[in-house]
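Both blocks below hold the same protein chain, though in two forms, and each is given as structure tokens: structure 1 and structure 2.
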Structure 1
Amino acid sequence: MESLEALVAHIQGLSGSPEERAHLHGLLKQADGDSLRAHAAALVPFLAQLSPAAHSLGYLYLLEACVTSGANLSEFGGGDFLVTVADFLTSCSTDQIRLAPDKFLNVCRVLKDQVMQLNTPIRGIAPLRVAVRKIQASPEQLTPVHADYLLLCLLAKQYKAGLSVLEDDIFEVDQPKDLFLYCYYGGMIYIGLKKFAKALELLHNAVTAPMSSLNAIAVEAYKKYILVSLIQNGQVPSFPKYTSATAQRNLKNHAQIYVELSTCYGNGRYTELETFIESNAASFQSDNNLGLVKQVLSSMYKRNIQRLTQTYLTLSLEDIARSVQLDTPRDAEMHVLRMIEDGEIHATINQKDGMVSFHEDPEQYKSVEMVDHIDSSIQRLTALSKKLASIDENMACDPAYLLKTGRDRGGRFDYDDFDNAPHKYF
């Protein structure tokens, strides 16, 4: 066990080229452990000697020893320790830290805890965002840092900051818990930004992920899933075939009042829904869903008005008020006006006659923007198809797979084996 000074000297000396770093890595691993942590307090001045960018690996080890030593971090360096950590995260070198990923994750975790303890989540956002990009092996990989980052964004109400991370599609997941947290927090961020369609996607993934036993995150995600479905589509779809059996059996039991809410919504009567919500307000509040539930309530009016556009060309405001169960034609006018402004319906209000004329969707699909949109969609989907095809090919060549299917079918091959694309899209 070398002394600290010698260790620091090694770090400074051996951070030049990859081979040296490999050697350094070996040394550090040897030196690692509780003994290093015991000297945590003494490490701080040494950290000042090292540069986070050039000596990332060594810095990381020492830093990690400090933060996991269990000592109160606010005592370190007079409360600026957070800054040190943030600095490190921002300026460290990607290759070096990839040699010790779990230590890196520990550091990030501690940062998040510290920031939450100090009740200043916003301080953690910038460093963690950089950290996410650095630790990811590919843009499609999910790391624990994602979930922490999204949590901080939510707490700091910086929803837009979360968007940059959410826009990447995730295809690789190591830890299931990360996925659930990611989907749940991501869904909440999209809800905050009122992008209900994307929120629905993420929550749907959380609800339908394979799980052998129920977890609380999935239950909470399911509750929000019901509410967002009602707002976006007016109904809650039933579980698709690929949902795990555990989820199908148990989720509804844990979200009983939400299921009742959705049946009440389906009946289409505003006053009933309102009374139901009021009587259960306490339980909605305890789940922190009351705001969302109120949005469900107002979405009911919207849905009823939208149904009217399908049936009528013009309709008087009194008739609208009557069929949507509003109190006065003035209310009806306000609702319709708001919906026109939000672009949810196409109509004009004639105040003199008290009539609303509904129009068809003016989109003619002839503009340049529309062509661009379609074109980019096509390209995106073609890329996705290719990816799907390649994954399928890989799996078909996998020896374990061939062994299993070969055994089942006795080695015969039918025409179906040569057909790759999903039939649904024909």
Structure 2
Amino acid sequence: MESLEALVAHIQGLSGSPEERAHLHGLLKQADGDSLRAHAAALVPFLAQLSPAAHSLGYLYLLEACVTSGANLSEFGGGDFLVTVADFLTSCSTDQIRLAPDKFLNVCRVLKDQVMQLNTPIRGIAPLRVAVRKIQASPEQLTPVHADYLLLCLLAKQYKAGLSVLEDDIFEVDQPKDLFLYCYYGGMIYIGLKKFAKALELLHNAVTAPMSSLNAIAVEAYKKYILVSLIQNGQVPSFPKYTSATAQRNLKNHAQIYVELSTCYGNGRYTELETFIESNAASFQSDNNLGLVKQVLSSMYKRNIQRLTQTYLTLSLEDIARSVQLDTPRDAEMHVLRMIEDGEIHATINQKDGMVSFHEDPEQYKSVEMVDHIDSSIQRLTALSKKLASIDENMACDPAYLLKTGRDRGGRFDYDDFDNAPHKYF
């Protein structure tokens, strides 16, 4: 290997044009390896001679050698070195770091591990948010940095920060594990924000994603999926037909206590559900789900009140309290008012006689706001439909896919197998 001084000189002199960077990349590959990591401590002073923005490719090779050398980062300056890593992630050149994506991902992972070890996850949020955008080939691509970023948002309780990546439509996934973690952590962030419908979407994706063997992420996602389904909808739907056979056969066996909780919830008896939760509190606590289970219990009141709206036009607060097992009419009034405010029921309360009148949904779907909402939803669905059609076309003409389907059928193809392929390819 060349001397470090010569290598740094090459980095300084060959970071300009794409042709020069291609030559530099070859030199860096030759110098890379155990020999470079063995000089990790000596590399740190040379980083100060380089610009993270102008010399990003060479800086990345040296920085990655430092952080993956196995040495304690405190030897490189501890917290100050974390600042060096964070500054690089935020200021590096996108074009240059994409020449060595694996090394960039290694640096991101080390930063995540270090801020977690220091119990300061908030320090990694801003750098990794920038890193996600720099390593993505398009906003539709899922990267390993997504899951690391969402994990730090969870640990720091900065749930809103996670929305910056969760609001993207993801169509490109390289590694299944990245998808499972993205959906699981994303679901937890939406739970933290009390956006249970969005949480349900992501947890549903984790549970129904293709899998040849069961994994721990899917099991934990299914447990939360049951709880959030009860909170949001009052019931747990059956598996859709596109769920993998592995998930359908095994998930319930690994979440039996949650399946029993769902059954108990369906009976509609608050005291019975409360007793079940108390007797199994240790199990729920070991899964870190006890807080969510308690929200399931409190949602029982809301669900039972909603059932009353399907039977009665008017009902006294005293009758509501007795029917749903609340202690006082005042408690019933507070629950009804909260549900009216959240738009979960449509009702009015007569303060004179304590009577509650239930009404139909007053929305006529003809206001300007509602028309704009419907129009934007139609446009979004149209765009998604076109995207899925394009993906379907590419898959129908993919040689690997056709070979796999032909092998599964014993090498035989029918004429119908080619109907979905676009005619422009023939």
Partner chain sequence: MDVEGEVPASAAAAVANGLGGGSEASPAPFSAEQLDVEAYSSQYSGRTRLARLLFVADRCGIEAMQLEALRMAYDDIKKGEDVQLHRDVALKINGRLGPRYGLDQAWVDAVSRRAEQRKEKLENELNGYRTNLIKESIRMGYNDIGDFFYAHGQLSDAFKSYIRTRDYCTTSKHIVQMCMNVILVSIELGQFTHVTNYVSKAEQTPDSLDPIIVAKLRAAAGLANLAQKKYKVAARKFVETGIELGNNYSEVIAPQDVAVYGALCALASFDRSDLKSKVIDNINFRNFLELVPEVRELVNDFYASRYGSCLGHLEKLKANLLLDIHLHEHVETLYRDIRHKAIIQYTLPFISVDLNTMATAFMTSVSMLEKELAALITENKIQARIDSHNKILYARHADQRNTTFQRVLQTGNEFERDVKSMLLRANLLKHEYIQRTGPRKM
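Throughout, residue numbering runs from 1 along the sequence of structure 1. Basically, rigid core = biggest C-alpha set you can superpose within 1.5 Å across the two forms. It should be emphasised that the depicted structure is a prediction, and the values quoted were computed from it without experimental measurement.
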Q: Give me a 1 or a 2 for the form predicted alone.
A: 2
Q.
At a 2 Å cut-off on C-alpha positions, does residue 398 qualify as shifted between structures 1 and 2 after fitting the rigid core?
A. yes
